[in-house]
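Taking the form predicted on its own, here's one chain by itself in structure tokens.
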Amino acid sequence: MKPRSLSILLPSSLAIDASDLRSKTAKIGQIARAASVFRADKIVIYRDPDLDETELIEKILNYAETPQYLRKRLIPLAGDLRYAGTIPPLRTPHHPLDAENIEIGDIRVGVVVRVHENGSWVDIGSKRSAFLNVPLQKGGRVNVRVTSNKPLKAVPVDDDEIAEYWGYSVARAGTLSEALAPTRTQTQTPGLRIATSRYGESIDADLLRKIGAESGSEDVLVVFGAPHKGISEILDEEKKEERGKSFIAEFDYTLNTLPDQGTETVRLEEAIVATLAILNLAFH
């Protein structure tokens, strides 16, 4: 069954094996594309002290997820986005090819450009702004449904009213241990937690069915290590005082999604595609 939400947890050093900004941008762009193909709801970045490029990763992921017609409004020009043109287009439902072609009933991502006490005007990709009869915060991002074309009007839409895949959000965590720890209001971390490791359990049909049954209506978190060190090494470094504790105990499953690999190493973007592709079978 499809999980309630799908999140992937990635290290801030995910581009440590990329030599320059162009190759880092390409790598992060491929991850954005993979996350979208497999309908990830959230990408969480945990801090690796070996290289903390959280800000760069977050900026590029957010740029890729933002509809093209809103990027100039929502994402300021910056030097670290100079190669953003190399990011592959996501082609998700909220990235229309022809933003000017708007029909009644269409759902669009918009940004509030003007506010009046009687309502708001929202840029939804047309030369005309759509009017909403509710005052919203200027500069805010909002999902709307078009109710009239002449004049162009719309109403706000809640996330749970959107049936199609509507992109991912990006969040920051602390260390990996902190990202996996329960919050103050929880006695345990909710949902299903899956680690990826070349030393993990190889997947077969029975394991796929088991994961699929357990993931239904749950929040699923899939955790990836860094290009230069795995999850176990990262957790061991963070928990030196608990060296006797196996890292496997942190997760419900530890999976090897690329058994008998033909290359000495597997790039992170390749591991993400392989893992999410296999789990997609379990979820459906």
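What you see is a predicted model, and the numbers here were worked out from it, not measured in a lab. The first residue of the shown sequence is 1; numbering continues from there.
The form predicted together with another copy of the chain is left out here; the points below concern that form.
- With the partner left out here, another copy of the chain still marks one of 205-213, 169-177, 154-162, 109-117 in the predicted bound form; by a 4.5 Å heavy atom cut-off that stretch is 205-213.
- Screening Pro135, Pro88, Gly139, Pro76 for any heavy atom within 4.5 Å of another copy of the chain in the predicted bound form leaves a single hit, Pro88.
- Contact check for Thr263: a non-hydrogen atom falls within 4.5 Å of another copy of the chain in the predicted bound form.
- Another copy of the chain in the predicted bound form is approached by Leu258, whose closest heavy atom lies within 4.5 angstroms of it.
- In the predicted bound form, another copy of the chain sits within 4.5 Å of a heavy atom belonging to Arg33.
- Although the partner is absent here, Leu70 sits far enough away that none of its heavy atoms falls within 4.5 Å of another copy of the chain in the predicted bound form.
- When contacts are defined as a non-hydrogen atom within 4.5 Å, none of Lys42, Val220 and Leu235 contacts another copy of the chain in the predicted bound form.
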